[in-house]
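Just so you know, structure 1 and structure 2 below are the same protein chain in two forms, each on its own as structure tokens.
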Structure 1
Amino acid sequence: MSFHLGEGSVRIEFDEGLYPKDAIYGAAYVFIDRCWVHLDRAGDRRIQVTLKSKKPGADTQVYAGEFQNELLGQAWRLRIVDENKKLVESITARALGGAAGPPGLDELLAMDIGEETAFEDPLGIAMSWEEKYKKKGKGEGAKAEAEGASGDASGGEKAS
């Protein structure tokens, strides 16, 4: 990376081996509200960025430093996106699948229900009494009460 200060402008060269082209474009985009931005090919695998301030008297050396910092941020964001691409795709696919909702009556009737699939629960309706009425958050007393209640449920109703 090298830069050259001019009158009201700064010219910076980057190696594409160190900074991806998309990161350079992203960093340049951040500066379009303050500077006139010009991108050019400076050589084999080198990109030249020229920033010319839209305001007269601006400190172009500050722009050069800010551009380099923004370029590092853009390169880091690209790397994070690449590393998490499969996770994001998986979450998106699950969200879209969930948005379709549970199967309708026609889909349930069209299901092949045999001995192998008779006990499957595609809607998640089947739930034991213990799972449905289990008390939460009261420690051992609640746990013991739930265990006692499950014994009552399996042995019949308790007379009161």
Structure 2
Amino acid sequence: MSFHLGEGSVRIEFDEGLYPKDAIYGAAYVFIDRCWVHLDRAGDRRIQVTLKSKKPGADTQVYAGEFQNELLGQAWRLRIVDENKKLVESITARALGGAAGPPGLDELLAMDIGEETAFEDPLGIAMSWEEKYKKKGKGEGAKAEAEGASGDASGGEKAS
């Protein structure tokens, strides 16, 4: 990491291998109320961030320090979230599902069912067995058979 102070601005360079790009975006976002923020590629796997203060006379060295700390925080949080992804997803799904409850009549009435959408069948529910699992080319056929097998294994209702 290196930084360069200019007049009312500061330029910082990061190794992309050390800091994920999402963390850099996250840290940059935190500064957009105080600075004009510009991201650029400085070289192979190096990202350059330029912070130009919106207020004259601001201490840009402080901005550089704050940005680096924020970046570290963002990177660490991303890593923790990544490690705990399943836990976060499961708690969030349970929390929101429990609070929202099942859809009611209002939600069904609010659904967009018009002439154009009424007969959409993205899951292929209205398709016949033959149409859905018909033999295709060699590779496709094998895939279709595998899907059919997993369908049978999970209850076999599709076959009836």
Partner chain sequence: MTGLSTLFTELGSTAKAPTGLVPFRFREVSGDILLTNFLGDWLFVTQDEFRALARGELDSASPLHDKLASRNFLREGFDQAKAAERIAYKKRFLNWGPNLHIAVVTLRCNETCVYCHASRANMDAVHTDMTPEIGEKVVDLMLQSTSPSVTLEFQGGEPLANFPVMKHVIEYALARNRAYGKGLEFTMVSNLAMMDAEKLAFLVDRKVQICTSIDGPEHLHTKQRILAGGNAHREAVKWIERINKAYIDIGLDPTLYHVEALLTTTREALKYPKEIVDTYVGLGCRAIFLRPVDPFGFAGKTAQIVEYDRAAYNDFYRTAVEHILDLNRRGEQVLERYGSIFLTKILGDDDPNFLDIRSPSGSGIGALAYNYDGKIFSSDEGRMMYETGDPAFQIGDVFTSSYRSLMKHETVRALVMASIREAQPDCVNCTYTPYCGVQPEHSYRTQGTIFGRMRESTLCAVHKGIQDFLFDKLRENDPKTVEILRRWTTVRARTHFIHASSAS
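In this text, the rigid core denotes the largest set of C-alpha atoms whose superposition between the two forms falls within 1.5 Å. Only a predicted model underlies this, so the values are computations on that prediction, with no experimental measurement involved. Each residue is numbered by where it sits in the sequence of structure 1, with counting from 1.
Legend: structure 2 corresponds to the form predicted together with its partner chain, while structure 1 does not. After superposing the rigid core, the Cα of N84 is displaced by less than 2 Å between the two structures. Put the two forms on the same core and the Cα of R94 is off by 2 Å or more between the two structures. Core-superposed comparison between the two structures: the Cα of I32 travels less than 2 Å.
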